[in-house]
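Heads up, what comes next is one protein chain in two forms, each shown on its own as structure tokens, labelled structure 1 and structure 2.
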Structure 1
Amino acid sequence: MKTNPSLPTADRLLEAAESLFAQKGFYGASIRDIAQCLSIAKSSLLHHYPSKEKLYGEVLNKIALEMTEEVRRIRQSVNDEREQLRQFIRLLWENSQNKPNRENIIIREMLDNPKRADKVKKWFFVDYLNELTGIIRSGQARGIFKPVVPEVFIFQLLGAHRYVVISMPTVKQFFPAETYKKVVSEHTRELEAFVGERLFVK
């Protein structure tokens, strides 16, 4: 894979690692594979990141910081929590199209994490979740959202979106082209309808 040659080596390693972890997952990608992407020795990679766990943690941290900042920007630019959620849903779909490595890593992490959960000292997506549940709590405090459990609601919303993302290659392969187009065009609208029906006070 190609990385940006103008970046410092440590950042180029993060780029390469993100791509390989997205393709193969934490268990499938090796330090040797990642080093080979940049044509450097394994020892050089370990100089920057002393273990695969550390490198993977840096990749997750980078992704989590980006995602958290995206939600914060929405919250800062829009006052109405209903519109914040609408913009967030559109952002979910845009990111799934434009940042597939990120999406794949998140999905793989959801599958792989239970194997490591008892050893993990930090979950990098806590701030991201707090920003999203903060939208729900803020809307509830203003009386425009129903009394749902914010964490449950956000996990359901994210889960519904990611199931569609995972399913897209299968839909494209085994369903008529028109069905695939409808899924692509209607997905965010259906998510918005779910949020409106389940959450918004009429």
Structure 2
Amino acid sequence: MKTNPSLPTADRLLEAAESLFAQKGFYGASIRDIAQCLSIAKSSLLHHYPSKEKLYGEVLNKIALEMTEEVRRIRQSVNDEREQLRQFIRLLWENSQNKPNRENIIIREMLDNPKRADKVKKWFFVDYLNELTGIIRSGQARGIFKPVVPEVFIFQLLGAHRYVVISMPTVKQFFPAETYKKVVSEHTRELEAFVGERLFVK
């Protein structure tokens, strides 16, 4: 794992932590390994982040802020909610290519959250989800979306996408190469068809 050497140490640690937490999960990744990515001592990491939990929290927080901001930008740049969703699906796909760690960490967080969550007042991704359900509600108010339950629809859309993304390495390994190619090329098309048929009023 390489990090950008021109960044401050604290930011490079966030990068390395994001990558290792994504690969191995909270328990599987050790702060020694994370520090080792920058060739610094573990105690130096603990100088920047007082505990492993805090470091993990900062990683989640950074991801959640970035993702929320991305959706807000889409909502501001276009008015039509149908186009907002199309752009959102494109964004999902781009991020799964450019920032593949995100999907892994988010899903791991959902799995581990019930055991850690009592310490957290507000969950990292509430804002993000509210932005997304906001798009649905707004479209429904204008009569161009069917009356689905916004939360269900968004969770299913995100699930359909993220599950495919985290499945990719497995598909690549255990299924024919042709199958893998088809999954990659047809995935977003299918997502768009799902949204179009299930949500958009004809």
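Rigid core (definition): largest C-alpha set, two forms, superposition within 1.5 Å. Numbers follow structure 1, counted from its first residue as 1. Note that the structure is a prediction, hence the values are computed from the model and not measured.
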With both forms of the chain shown on their own, indicate which is the form predicted alone. 1
Quick check on F175: with the core superposed, does its CA move 2 angstroms or more between structure 1 and structure 2? yes
